[in-house]
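Just the one chain here, the form predicted on its own, laid out as structure tokens.
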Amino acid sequence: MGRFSILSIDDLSCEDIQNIIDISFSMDEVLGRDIKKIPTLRGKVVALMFFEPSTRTRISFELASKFVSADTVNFSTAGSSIEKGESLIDTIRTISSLGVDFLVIRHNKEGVPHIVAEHSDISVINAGDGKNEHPTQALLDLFTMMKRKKLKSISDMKNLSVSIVGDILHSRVARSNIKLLRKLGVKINVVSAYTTLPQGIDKVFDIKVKNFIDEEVLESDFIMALRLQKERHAAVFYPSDREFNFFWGLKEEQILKLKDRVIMHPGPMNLGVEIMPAVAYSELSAISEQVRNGVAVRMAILFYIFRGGKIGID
């Protein structure tokens, strides 16, 4: 198995993205079977190394690994040699020596997955690094969009529009989605308070920035809400949750009157803050679909990495 890692959306060409989406459709079909398993990665080992709390991503990767017949090892800093002062790099070298083939890592510091990849021969998958990126979330969001619109080719995405609403400054999901969607020519609006918006993001990514939800945002094909990343806030960025909801929350009086729109959220949700329950659980919502699609896409990612960036299912 050639070493192939996914650390950033920047690592992926449009061909890579299309291939992963194609395999995701095949894996989605596998998940519809009574026996949700293929033998492709039998005998391979996936280590899940999460330094931050996670429900969706961790369980999704664990299920994805099992459904492609890989074995999984869960690593926890509690009780590990890191608590005794061992460096992260030495821990990675130890894990590599034990025969792990894939390392899925989430860390609260930006760039850690890149450092890990530089110091090991394991294929590394970035499951979120601080405020930087979350590439597999962006890929599953793209897959969800394509399924909702019944698209097969990523080239058809260029005709669509996406508005991302919420705490852009602290969101790795926003960064990865913006990078991915811009590669595909999607029209993007980002909507945020001045204090939760990265300076110059409109010029860096050639996207439209708005400070309030307006008609153009509500006319987007997809509207993605982001939660306030309070664990990353070193200061107060808005007066109160109630005021944040008033100005930037997705509310039923705005959303439920819309037609042919799709509401998304990467989770976990702060219901009543960035999104109201009536919106989150409406027919317009694809939030549960995002969670389900995460398994198929992560199966596809493991498969694609195992094949060294080649497509085809035996």
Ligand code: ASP
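Owing to the predicted nature of the structure, the values given are computational and were not obtained by experimental measurement. Throughout, we count residues from 1 along the sequence that is shown.
The protein also exists as the form predicted together with this ligand; that form is not presented, and the subsequent description refers to it.
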With this ligand left out of view, choose which of 213, 186, 169, 173 has a non-hydrogen atom within 4.5 angstroms of it in the predicted complex.
173
None of 120, 72, 229, 108 but one has a heavy atom within 4.5 Å of this ligand in the predicted complex; the exception is 229
Stretch in contact in the predicted complex with this ligand, which is absent here, among 27-35, 264-272, 63-71, 281-289 (heavy atoms within 4.5 Å)
264-272
For the heavy atom contacts within 4.5 Å of this ligand in the predicted complex, list the residues of 117-154 involved, in sequence order.
134
